[in-house]
Structures are given as C-alpha cells and as structure tokens.
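As a starting point, one isolated chain is supplied in structure tokens, in the form predicted on its own.
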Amino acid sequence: MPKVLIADKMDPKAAQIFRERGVEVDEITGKTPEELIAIIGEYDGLAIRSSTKVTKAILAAATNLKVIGRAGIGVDNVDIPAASAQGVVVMNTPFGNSITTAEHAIALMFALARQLPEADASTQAGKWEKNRFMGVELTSKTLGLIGAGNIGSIVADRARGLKMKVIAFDPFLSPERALELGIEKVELDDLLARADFITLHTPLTDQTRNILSAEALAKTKKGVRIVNCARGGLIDEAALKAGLDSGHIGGAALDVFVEEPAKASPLFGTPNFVSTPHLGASTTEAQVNVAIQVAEQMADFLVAGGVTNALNMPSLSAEEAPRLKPYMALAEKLGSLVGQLTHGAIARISVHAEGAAAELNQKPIVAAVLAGFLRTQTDTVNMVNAPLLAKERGIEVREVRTEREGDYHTLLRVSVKTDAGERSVAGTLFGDSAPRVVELFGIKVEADLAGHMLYVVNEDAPGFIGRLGTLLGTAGVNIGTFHLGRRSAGGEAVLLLSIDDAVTPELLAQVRALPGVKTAMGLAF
C-alpha cells in the first residue's frame, strides 16, 4: 500500500480522500528539515503547502519518494530540478484557489480606488474626513493585465462585469483566446502607457522577474494604481516606493513581497499603499478545494498511474492510463532494445506513431521510449527524469504521427541517429496488449521482448541454425523462443532467441566464432 506524508496543515478531507483511495497517510506537521530528513525515506508521497521547503538534502533522503503534491499554485518551496533528476513527480493545484486569488485582486483594486484602509482608520480614529478621501470609479477605466492565464482570465471577466476596458500583455495569449475573453492583446509598453490599473498574474521566472522595473514604472500613466497578488519579485519594490513618494504612481496594493514574511518593508507607511499578508488563496473554500485536489491527484498517481497538473512530467489522466499502459510498455521495450543495440553518440531519437497509436497522448509514450533507452546507460532513470537526462546529453527528441494504418493496425517506430547513420526498430501490440517487435534495422522479424535474449546477425546460409543450436545445447543453454528474420534469401539474417539465463562473455565468444556471424549480443528486458 502506498504511503503519504502530509507535512503541512491541511484540511482533514485530504487525509480522508487518501484513505478512501487505498493510500496510507500520516499527518506530521511542523517538522524541522533535519526531522523531515529522518523520516521521509519511508514515504511514497509528500503533500505540502507553502511551509515545508523540499530541498536537495530532503530529496536525497527520500529514497522511496515518487510524488510531491503542493496544495496551491506556487512551487517556489520545491527544488524541481533536483526532484526531476531523482525521478520524482511534482504536482500543484493551479485551479483550486483561482477564484479566491482573482477576487482578492479585485478587492484590492476597490481598496485603492476608494482608499478604503485609510478611510477606515481615519473614521475609527474619530475623524470624519469626508473631503479627504476622493476616490475614483472603476467603470470605464482601463485595466492592464500582465498575465492572462487561469487567474488573469477570471480577473478579466470580473473587470468586464464592472464595465472596465481590459487589455493584456501575455506572450502565450492567442488572438482567439483574447477574443473569447473580450480583451485586447497588447505589448507591454502599450499596456504601461494606457492602463489606469495594472494587476499582475504571472509566475516568477527569469523572464518575469522585475517585469515592473524602475524603467517600466517610468513608462506608466501618471496616477496608475498597481495590484500584485501573484509573486513577490515581479515588481522592483524600491522603484515602486519611489513612484508612490513622487506621486507618479497613484496607489499600490501588494499581497506578496520579495521577502516573506514581510515584517519591515520600506513600503510600509507609504501613502496610498495597501498590503495584505499573502492572503490571495486564503478563503475557507480555497483551502478545502486545494486539499481535496492535491489528495485526489496524488492518489490517482500512486494507485492508478494518472498524472495531473505535474510540472515535470506529461499529464496522463487516470482514465487514459489503462489504455496507454501497454503502449508505454511497448515504447519502453523498444527504447531499451535500440539502446542496447546502438553504440556511439546518439544525436537524435525519433518516435513515430502510426495508426491507432497516433491517436493517443504521445508525451508519455515518448517519455517511456527515453526511459527505456537511457536505462541502458544509468539505473536511476524513469519517465520523469528521462527527458531531462536526454536534454543534458544533447539528444534531440522528435515526435511524429501518421494516422493512416500501414502493415499493422498500430505501430511504434523508434529511430536513432548516430555518426554511423540512422537505424530504427518497430513494434506493435498483439491483441491490443502484448508488445512485440516486428522490425529490426529494416529486417522483418516478429518477437516478444522479455527476459534474457541472444541477438545474432549472420549471413543467411544453410546449416547455420543447426550449428547455433548445437553450440547452445553443448553449452547447456535452454532456448525458450526462437525468432528469425532476413532481408532476402542468402542475404543478412537476424536471430532473436529468448534463453533461461543471462548471456555470458564465454558464450558470446563462441557464438561470434561461428562461420557467418556478423554480430552477437546479449540483451535483457
């Protein structure tokens, strides 16, 4: 039974879902990194929020860990490259608190527009400064979205309901999606020049860090009001304070800061500045939603092989997994076969799906090919880290689909390019479940790939099979199955034999000494 550790405080429904799905769960929160290192080795899954930092040291101790689930969007507290290198899937729940975060951004827009925090403090202090707090309407104002993904699109919808004009800078926003959302796609400089309000909804990356830099803020409309409920580090906080002090920026509201907890920010006390302590996802509904989602996602992965909202692996639904499972087994065997038979530096691996295979989700299939191929070089590879390892080795990966059927109803072909040229192997599924190789380097051959095998390339000549059988019998080697293929009569032939034990160097030397043998290798699956 899989075992999961819930390391941060989470709604009780998470543990309940794990148990209902057949996953053992421990709720142990508030542990120091050293304490977590001492216990993490016994768990298959780790469920966290933002408190637990999953470092390289913790991952090194997590020898059985298969999945990390972050209840929430941000994964700044997880060393994703280290997790990927170790073959650990990292998931988040990007939709569970989307509405909550979007509503918080809208609330902060209202707070800035009507100076609500200052007006509240003044009124409760016994003052009645009605003329001091002259706000602005949101109606007819231009809202500039930096990021129009899941949360940004919800903000756009609410803003349009408030009769605002919405423009957006997002390199990934298609014209069709912009039209669907009823917003105008613009470049960043255009947004800065036109927006009365700017709100950020983008992750913190090397490309987005300080996207509102001093230079960018100088390009904004005088009196602009800025809201950030996304990630600290998107705005140059010193430049923001300078803009507020000068009056160029009419107001700013931050729910996130470069350093958190933010207890001594220079922005505190600045006029027209509103702050909240990272409350974007903090509603009862959101906390329940993300807890339920992370438990469902992790349980699906550990029990059924489904992969949802993973940041370092292709998505694979629990419904898809049973259908894809035999294809992934075939893909891994083909990858392993070509890896064992190919020598020298690999420049490119191509995965070509034909017929029924072309209709499937290709990402897990390609990952399985890479895992099988690279497992011939390292024993720490799986579908999670295989694409990363291939990239590190400078291997180009290509994916090709051909929906028409060829000689087979469904076919996977794996080709590798080396300095010596390009070679390929191909396989199919018999009965939609049994993987079988049907072509080896251009030679037709039908064979199961299982256990220990002897691979021989020889000249097609009378008596060879008899000589090989005699040699194996004399050596005490029992043959399980025997598969033969050839290019043409008298040409090059291929033999694949499954045998009961691993091929020894002594046996290989004897086989290679037989007349007509060009290549002989031991394979293992």
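Owing to the predicted nature of the structure, the values given are computational and were not obtained by experimental measurement. The numbering used is simple: start at 1 and walk along the sequence shown.
Separately, the form predicted together with a small molecule exists; it is not shown, and the next lines address it.
Colleague: Of 66-74, 466-474, 492-500, 37-45, which is the one stretch near the small molecule in the predicted complex, taking non-hydrogen atoms within 4.5 angstroms as near?
Modeller: Going through the listed ranges, the match is 66-74.
Colleague: Would you classify residue 231 as touching the small molecule in the predicted complex, given a 4.5 Å non-hydrogen atom cut-off?
Modeller: Heavy-atom contact with the small molecule at 4.5 Å: present for residue 231.
Colleague: Is there a heavy atom of residue 278 lying 4.5 Å or less from a heavy atom of the small molecule in the predicted complex?
Modeller: Close contact exists here: in the predicted complex, residue 278 approaches the small molecule to within 4.5 Å, heavy atoms only.
Colleague: Using heavy atoms and a 4.5 Å limit, would one call residue 372 a contact residue for the small molecule in the predicted complex?
Modeller: Close contact is absent here: in the predicted complex, residue 372 is far from the small molecule, nothing within 4.5 Å, heavy atoms only.
Colleague: Taking the shortest heavy atom distance, is residue 335 within 4.5 Å of the small molecule in the predicted complex?
Modeller: Contact check for residue 335: no, nothing within 4.5 Å of the small molecule in the predicted complex.
Colleague: Only one of 289, 220, 312, 101 has a non-hydrogen atom within 4.5 angstroms of the small molecule in the predicted complex; which is it?
Modeller: Of 289, 220, 312, 101, the residue with a heavy atom within 4.5 Å of the small molecule in the predicted complex is 101.
Colleague: Identify, from the list 331, 252, 294, 151, the residue with a heavy atom within 4.5 Å of the small molecule in the predicted complex.
Modeller: Checking each option against the small molecule in the predicted complex, the one that comes within 4.5 Å is 151.
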